[in-house]
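Coming up is one lone chain in structure tokens, specifically the form predicted on its own.
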Amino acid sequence: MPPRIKSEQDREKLRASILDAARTLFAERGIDAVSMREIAKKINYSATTLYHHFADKEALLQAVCDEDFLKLANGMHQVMLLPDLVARIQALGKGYAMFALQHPNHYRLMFMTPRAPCNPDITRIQQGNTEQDAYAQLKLVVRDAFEAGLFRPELSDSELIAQTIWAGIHGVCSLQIALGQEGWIQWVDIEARLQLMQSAMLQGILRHPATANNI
């Protein structure tokens, strides 16, 4: 029998448990395959209890995504204060990768699980707000570097540059999360893979590649 909810702290703990259970099941089995009843069963509560916290599965999924995207963006706030733009790009990539590898279930659901687009009516995140949106953070620093003339002159689209940098980091992280335990692949150390990918990327897009540092 589940424990009784006695205080606001208890409510917050239960809400966190619901989010954790939903995140795990969504990432493992896909969003469409998971019901509110199964999420409730995983934490030994009734589905009715879940509906006291979330109107439906869409609201629950949005709450999970909001929490995880905010966690990612919040972890980058100090990085965004770095004065050197190239070092900031490198540090954003490293911070993003650390989040992915330390929170693989979060990352699977955020970036590796098919889902409907974010619902602007119920999300807590203001897309484009650099306090809440990690992609907005990346776009901002890349745009600043672009306007400072740091990229090769033939690269004329700062958003394309930002999305390419993102794709490079994502590729290394998603392979590690999906296949990192496969014995038939003789994986090189993940830090070495990340560093080489980021170095190769910056060598290819910077006007003066020597400005990139190994961090």
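Note that residue numbering begins at 1 and tracks the sequence as displayed. Bear in mind that the values here come from a model prediction, so they are computed numbers and not experimental data.
Another form, the form predicted in complex with a further copy of the same chain, is not on view; read the next lines as being about it.
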property: Contact flag, residue 48 vs a further copy of the same chain in the predicted bound form, heavy atom cut 4.5 Å; result: no
property: Contact label in the predicted bound form: residue 166 to a further copy of the same chain, heavy atom within 4.5 Å; result: yes
property: Heavy atom of residue 53 within 4.5 Å of a further copy of the same chain in the predicted bound form; result: no
property: Exercise: residue 21 in contact with a further copy of the same chain in the predicted bound form, heavy atom 4.5 Å; result: no
property: Option from 105 to 113, 140 to 148, 70 to 78, 85 to 93 whose residues, in the predicted bound form, bring a heavy atom within 4.5 Å of a further copy of the same chain; result: 105 to 113
property: Contacts with a further copy of the same chain in the predicted bound form, stretch 128 to 144 (heavy atom within 4.5 Å); result: 133, 135, 139
